[in-house]
Ligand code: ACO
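Next up is one chain by itself, shown in structure tokens, the form predicted on its own.
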Amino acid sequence: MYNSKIVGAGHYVPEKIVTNKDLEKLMDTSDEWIRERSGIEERRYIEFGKDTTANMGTKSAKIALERAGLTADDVDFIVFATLSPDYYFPGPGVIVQHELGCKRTIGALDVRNQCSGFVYALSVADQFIKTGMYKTILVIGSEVQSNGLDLTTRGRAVSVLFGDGAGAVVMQRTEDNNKGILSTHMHSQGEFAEALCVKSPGNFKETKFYEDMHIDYDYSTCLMDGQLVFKNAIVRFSEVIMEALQANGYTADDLDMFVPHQANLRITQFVQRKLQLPDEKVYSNIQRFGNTTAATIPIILSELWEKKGIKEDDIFVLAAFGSGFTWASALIKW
């Protein structure tokens, strides 16, 4: 059986920067309130007509392929993670296949696991490569959330948290069983599905979703029980990280980098203290981008790639928690 390794990473974020001060003009909030509760200082929003979920994914994928020394024709399969597809259907994976200009009609799979989406997608790609089905897989996380946010006082508890952006990695086969993706671990707890959700489009009403999704607030906006999500996140993050470490005979002391999903800086700091990790072993960029959901982890990997913050034999753990509830981790040896 083969192993899979990440051989390239790239990201793209829209040019438009929206600061906390900008949001103060739209709702009853403050820069201090947002920073204290989330750590976020600014985020990016798309400009309509310029960026979409799919084309941001394509832009990040092109960078990742270039850094890997590969072209679109080398890609055997695409796995695209998002909660914000450009169409209700089809998903954005097939759009990327077209926008990349792939000569072959390669397969494309969409993953809908929200904040855990990229780690789930990484695991799917890992299994395809390990079994020998594919050699090179493009894994993308991309989100456009700004057009679904209620930028008024009514929606401030959720809307101040999210931003737009995309990241991608290229995964490739390796015969070195001591390198690459060492293991992935995924969990869900559906009893908490409505603690963080958007109900429409859906089948909760007899009326067609398109008849009321834009006027029924409780069905068309993101609903979140913030305290419940926070309490579960800090527990599940730690559990799934330790699961990955123990499965491979490592401890937290062996980690060179903890790459968490960027949900809330307070969650990251809590887990950091629990694992007793120094600041230099924890990467956060939520201050600049907010929560870009499935895109947060690949954006970090791309930034580390740019900064040459990844060295051979480094031990990385990726971890995420989000809507579903779902949570997941991946342990990587570069």
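Don't overthink the numbering: it's just position in the shown sequence, from 1. Bear in mind that the values here come from a model prediction, so they are computed numbers and not experimental data.
The form predicted together with the ligand is left out here; the points below concern that form.
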property	result
Interface residue in the model of the complex among Ala263, Val170, Val240, Ala108, criterion: non-hydrogen atom within 4.5 angstroms of the ligand	Ala263
Proximity to the ligand in the model of the complex, single hit among Val124, Met224, Val94, Ala72 (heavy atom within 4.5 Å)	Met224
One stretch from 156-164, 95-103, 136-144, 249-257 that, in the model of the complex, holds residues within 4.5 Å of the ligand by heavy atom	156-164
4.5 Å heavy atom contact, Thr29 to the ligand in the model of the complex	yes
Contact label in the model of the complex: Ile267 to the ligand, heavy atom within 4.5 Å	yes
4.5 Å heavy atom contact, Phe192 to the ligand in the model of the complex	no
Partner contact for Ser302 in the model of the complex: the ligand, 4.5 angstroms, heavy atom	no
Within 4.5 Å of the ligand in the model of the complex: residues from 297-316 (heavy atom criterion)	none
